[in-house]
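A lone chain, given as structure tokens: the form predicted on its own.
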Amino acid sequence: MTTPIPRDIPLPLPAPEGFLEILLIVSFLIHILFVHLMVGGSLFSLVCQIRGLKSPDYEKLAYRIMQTVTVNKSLAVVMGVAPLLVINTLYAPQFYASSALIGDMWMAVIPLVTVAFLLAYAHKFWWNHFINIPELHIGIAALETGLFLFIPLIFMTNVNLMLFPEYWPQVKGFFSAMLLPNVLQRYLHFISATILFSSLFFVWWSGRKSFQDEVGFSRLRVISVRRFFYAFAFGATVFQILTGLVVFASLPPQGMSWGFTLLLMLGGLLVLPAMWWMWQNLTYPSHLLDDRVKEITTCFVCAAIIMGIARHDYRENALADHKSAIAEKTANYQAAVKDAGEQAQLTAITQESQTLVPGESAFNLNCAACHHPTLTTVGPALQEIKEIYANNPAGIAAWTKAPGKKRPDTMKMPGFSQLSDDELTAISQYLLSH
């Protein structure tokens, strides 16, 4: 299969490339954190609301969780601008091509996000309007959650397609790109990360001193709520390790490196103590909670940072050859454009010289810059020269070969030793005849 090599627009980067790469990693991690909290919050709100049909406490919990979703979705959108701009800057040919190949669905992101946000607002702000029709309310929450789960799949399909230009010729739209190797595995890995980070967020959120008063739960009930989220966090961690191994095994080899592998292993090791602390929280007596949420969160944040660096390392490795090929093609194109321009200019000069009368071309090249037809500029006007040397072309040629200074207020004319006698005679005859 022939890999398409598009030509780049040779514009300088707005900042050093290393700085942009760091900005991409940092801004993406911040953005994806709020995406996880938005999607996970919507998912947990839906789950709790369904359980709330039998247990009113979960209905209260679902409502409180929904309060966080609209805040986190706004931050997810705002924080997503920077990584989107930077990835467009650093990988313009690849990102443009992959976006165009799934163009219909890529453009559908905007209306889908709009609908999802409107559903989230309806779910949150009309909570009391649906008290007597909870099935409809849950249906709205399910649709909202479904959209929040689907939109990241579009982004993931796009960035995955960007990494592998060799697949571009066979892609026929979004669903074709979605079925390429590695996409669905990465998406399951993303979903597990969403449940993990949102669970940890709600463990912290429900551990605040004010939470018990906000929901009106007893202390034991709050502990059971926190253990509920710990259970999801632990299960999501196990699932993420398994899906992570599947993703690693299915990654195309062109992005692999020892650095990438070691970073993944280091990130995985950081998760182990967090799993141990979470397991302790799940197995403690029901009225106790060891907690350590700060230590657990720190482990996962460090692991996420390392994974973010590894992700960028894989992307750079995967696209290294393609970027080099694009740079070479762009340089060759620029050289061809320059050669074509010079050839066109030479052809124009040749054609012009062929149409000129004898002496005109040499006059334009050597004399016209200083001698205006009727005005004195650097040198005297041509009209004056013609009057002085009327019918005496040899006089002009002799003066040109050994010029002097006739006027105190003008500069001395330079010599033109490079011109032959025939050229000087032709110039003189042309000058006197026009």
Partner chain sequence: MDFPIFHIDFIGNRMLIAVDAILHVIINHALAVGALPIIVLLELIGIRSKDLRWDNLAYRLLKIIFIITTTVGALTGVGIWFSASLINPAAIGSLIRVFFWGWFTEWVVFVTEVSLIMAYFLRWHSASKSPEAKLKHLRLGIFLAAFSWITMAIIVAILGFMMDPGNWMTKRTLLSGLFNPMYFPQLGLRTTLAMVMGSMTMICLTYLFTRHDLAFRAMVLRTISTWSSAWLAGLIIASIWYYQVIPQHMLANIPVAFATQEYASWNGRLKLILIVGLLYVSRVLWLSVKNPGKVHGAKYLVSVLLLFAMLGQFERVREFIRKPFIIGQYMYANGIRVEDYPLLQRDGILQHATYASIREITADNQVSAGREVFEQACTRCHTVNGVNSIRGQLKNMYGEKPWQSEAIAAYVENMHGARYFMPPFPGNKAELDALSVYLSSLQKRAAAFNGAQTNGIPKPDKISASTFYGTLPNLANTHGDLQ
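For the two forms, the rigid core is made up of the largest set of C-alpha atoms that agree within 1.5 Å on superposition. Numbering follows the first chain given and starts at 1. As the structure is a prediction and not an experimental result, all values here were calculated from the model.
Missing here is the form predicted in complex with the partner chain; even so, the following discussion is about that form.
*Name the stretch: of 76-84, 229-237, 209-217, 257-265, exactly one has residues whose heavy atoms fall within 4.5 Å of the partner chain in the predicted bound form.*
Heavy atoms within 4.5 Å of the partner chain in the predicted bound form occur in 76-84.
*If you check Leu53, Ala381, Val378, Ala394 against the partner chain in the predicted bound form, which one has a heavy atom within 4.5 Å?*
It is Val378.
_So the partner chain isn't shown here. In the predicted bound form, which residue out of Phe150, Phe125, Tyr284, Trp276 has a non-hydrogen atom within 4.5 Å of it?_
Here the answer is residue option Phe125.
*Is there any non-hydrogen atom of Thr400 lying within 4.5 Å of the partner chain in the predicted bound form?*
No, no contact at 4.5 Å.
*Does Leu23 reach the partner chain in the predicted bound form, with heavy atoms at most 4.5 Å apart?*
Heavy-atom contact with the partner chain at 4.5 Å: present for Leu23.
*Is Val171 one of the residues lying within 4.5 Å of the partner chain in the predicted bound form, judged by heavy atom distances?*
Contact with the partner chain, yes.
*Is Met413 a contact residue for the partner chain in the predicted bound form, using a 4.5 Å heavy atom cut-off?*
Met413: yes, in contact with the partner chain in the predicted bound form.
*Contacts with the partner chain in the predicted bound form - residues in 114-132 whose heavy atoms fall within 4.5 Å*: In sequence order, Thr114, Phe117, Leu118, Tyr121, Lys124, Phe125 come within 4.5 Å of the partner.
*With both forms fitted on the core, give yes or no for whether the Cα of His371 moves by 2 angstroms or more between this form and the one not shown.*
Yes, its C-alpha moves 2 Å or more.
*Rigid core fitted, is the C-alpha displacement of Thr400 between this form and the one not shown 2 Å or more?*
Shift of 2 Å or more: yes.
*Compare the position of the CA of Val26 between this form and the one not shown after a rigid core fit and state whether the shift reaches 2 Å.*
Stays below the 2 Å threshold, so no.
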